[in-house]
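A lone chain, given as structure tokens: the form predicted alone.
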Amino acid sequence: MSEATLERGLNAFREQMNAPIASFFSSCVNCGMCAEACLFYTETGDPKYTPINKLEPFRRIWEQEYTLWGRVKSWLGLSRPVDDELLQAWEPLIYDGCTLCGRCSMVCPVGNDISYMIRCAREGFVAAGYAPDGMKNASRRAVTIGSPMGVKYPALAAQIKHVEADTGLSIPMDVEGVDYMALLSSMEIMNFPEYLGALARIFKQAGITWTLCSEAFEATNSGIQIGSSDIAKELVNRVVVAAERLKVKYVISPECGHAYTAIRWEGPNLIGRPYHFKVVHILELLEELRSSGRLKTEGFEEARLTFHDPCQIVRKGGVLEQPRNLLNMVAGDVVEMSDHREMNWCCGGGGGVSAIERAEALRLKVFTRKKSQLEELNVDTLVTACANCRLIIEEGLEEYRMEIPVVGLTEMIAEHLVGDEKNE
């Protein structure tokens, strides 16, 4: 890596060195509690996966450039500077070994937001040219094509035709002045198109006016995952421009964790202004419809179910009770995992890890935590509300030969709608 590129990365680290980051590094007592909260440590037993250790290059810059003792150590040659070799060695830890799930932040006794620190550290890594090829390629496609998986509008149009044929309903496109603009992740378009059909059926029953946008249908924000605020800003802005052009009142974030984080929580700060619309997660909208009596279901699932709490939606987004209220509408035998709600364990593929080919073996290794949770329950079906979680869990179950169907909560609700033609 060139000296100029390294310096660009170091400058990015420095730009992230704000008051919260400095206070977090200053207050860390090296207790190790974050290790026991991280499935990469608990499932491998390797101390290098201790969350605070993953931040060593970032911490070293803080110490050497922002503390008196660190400057003295540097002057005496007692502290190694952050160089290409160090960044290259730590890059797999900061990307492959962290899903940004935030569980470590929940247990820190002094309140350090370690997940936020790693998100900031990724800014320095990517600026220095150190990021996994899979994430680089996904980000490049997101910027140039509009989708990290390379899904273009003709692919969405083809899926829409299939959904319309299956449901007998029309999927509105580029309609101005409706209440809601729905977003989709690439995985929902290509892997789980039944989600779109479920939206159409639910919204018909509830009398909701909605649309998709041909210029901004992708919800996934690879900029958040790779650690590039510039990319994240550009992707958020596409959605904002489209939503404001169509004059919608709400934008619906789909069953996708980091999409929700990007558009709901980080978006206004990224673009530097508030939205002229409100962002809601699909589960928040469904819960609103349920509580107001506009979502009517009949019948119950016969299977014994459990719910996997997606990290970004539940732990970081606060959507805790909505999925449970919705499940209770259509299921009579729901059991909780040993750790659930805000303390549930990650699927192992968030934070862009699912896009890193070299991380596959590690990802499958750490899935043993979810495997253990499911084995304790002896359930027939697992329900979740994140397309990425769904794919990762399906792969993990296949790896460990566990025959447990994984379904999305939105589509399960749609299967129980009162008066729906598919249920008659």
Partner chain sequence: MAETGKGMEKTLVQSLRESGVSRRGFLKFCTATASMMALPPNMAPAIAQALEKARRPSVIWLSFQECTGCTESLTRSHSPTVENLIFEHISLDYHHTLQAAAGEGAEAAREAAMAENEGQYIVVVDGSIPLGNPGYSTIAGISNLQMLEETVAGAAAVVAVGTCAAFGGLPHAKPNPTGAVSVSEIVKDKPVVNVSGCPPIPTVITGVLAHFLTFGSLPELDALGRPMAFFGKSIHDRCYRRPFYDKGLYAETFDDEGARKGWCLYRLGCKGPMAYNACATAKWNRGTSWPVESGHGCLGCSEPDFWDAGGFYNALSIPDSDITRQAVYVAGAGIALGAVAGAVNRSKQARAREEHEPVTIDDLDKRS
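For clarity, every value in this text was computed on a predicted model and none was experimentally measured. Positions refer to the first chain, counted from 1.
Below: the form predicted together with the partner chain, not depicted.
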Only hit among Pro172, Gly150, Gly129, Gly299 for heavy atom within 4.5 Å of the partner chain in the predicted complex is Gly129
Pick from Glu244, Glu288, Asp230, Glu336: which has a non-hydrogen atom within 4.5 Å of the partner chain in the predicted complex? Asp230
Heavy atom contact within 4.5 Å of the partner chain in the predicted complex, the stretch among 194-202, 158-166, 141-149, 289-297: 141-149
Is there any non-hydrogen atom of Glu65 lying within 4.5 Å of the partner chain in the predicted complex? yes
Is Met17 a contact residue for the partner chain in the predicted complex, using a 4.5 Å heavy atom cut-off? yes
Any of the heavy atoms of Glu215 lying within 4.5 Å of the partner chain in the predicted complex? no
Non-hydrogen atom contact Asp179 with the partner chain in the predicted complex at 4.5 angstroms: no
Residues from 83-114 in contact with the partner chain (non-hydrogen atom within 4.5 Å) in the predicted complex: Asp84
